[in-house]
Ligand code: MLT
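In the form predicted alone, a lone chain appears below as structure tokens.
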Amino acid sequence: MKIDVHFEPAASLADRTGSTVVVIDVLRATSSIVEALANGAQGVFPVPSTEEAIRLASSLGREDTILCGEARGLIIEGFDLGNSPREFSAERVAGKRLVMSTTNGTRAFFLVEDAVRVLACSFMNLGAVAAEVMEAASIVVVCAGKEGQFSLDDAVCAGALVQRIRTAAGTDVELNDAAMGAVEMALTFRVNAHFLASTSTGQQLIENGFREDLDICAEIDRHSVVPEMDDRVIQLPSLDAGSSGPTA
């Protein structure tokens, strides 16, 4: 097994056609995607811009479609929801399609859509994703970062994922330099709301009034779902199986 970590998405990412790709945006896109799908959303359509989000929502039909996302951390004017996982309750999203545009996370999905599989990961579904990728020969972990820059929260989540896979693999795991560095970061920091608050993205969220988001985004293994993107829609592999609630 080979695992490569990339600390921010870029067009220069190595060939991904034969790899399982895991996209991480702890604060907050993949955390919100996990929460929404666990609470019964039909699917999440990630789009790279506000304009495309509005067009897609209109074409899908607004009756069953929710426009959600943020720009610079704040809800986009005219959208139904922002990008706070606390907003994606079952009462609001069950049975709905979500069209989502965010500053970092949704754009990352478009750079990796040629991969064999594309999964969404956060601390909230860490164990489920680790178990899901155990049979993959090549794994590429892509951190969404913060406006093209390194993001500590994403890197620590990537390292925690790599460490779980490496511990359970029972075989040699080849890591690139970034993966080795991510593991060391994951072993250094204790994941909780205080840690997330110490990061630059966490500080921005606090300034914008989203301090409570850090509590839910820091909940390791809150859900056992594995969102997967196929044909530019992120869904759970088997919608008939129902959704998972918070784990005990």
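Start at 1 with the first residue shown and count on from there. This one's a predicted model, so the numbers in the text were calculated from it and none came from an experiment.
Missing here is the form predicted in complex with D-malate (MLT); even so, the following discussion is about that form.
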I need to confirm a contact call. Of L67, A41, L196, L205, which residue comes within 4.5 Å of D-malate (MLT) in the predicted complex, counting heavy atoms only?
L205
Contact label in the predicted complex: G73 to D-malate (MLT), heavy atom within 4.5 Å
yes
Interface membership of A36, D-malate (MLT) in the predicted complex, 4.5 Å heavy atom rule
no
Can you check whether N83 is within 4.5 Å of D-malate (MLT) in the predicted complex, heavy atom basis?
yes
Contact with D-malate (MLT) in the predicted complex for S151, defined as at least one heavy atom pair within 4.5 Å: yes or no?
no
In the predicted complex, which of 89 to 97, 102 to 110, 166 to 174, 122 to 130 comes within 4.5 Å of D-malate (MLT) (heavy atoms)?
102 to 110
Which residues, if any, of 153 to 168 lie within 4.5 Å of D-malate (MLT) in the predicted complex when only heavy atoms count?
none
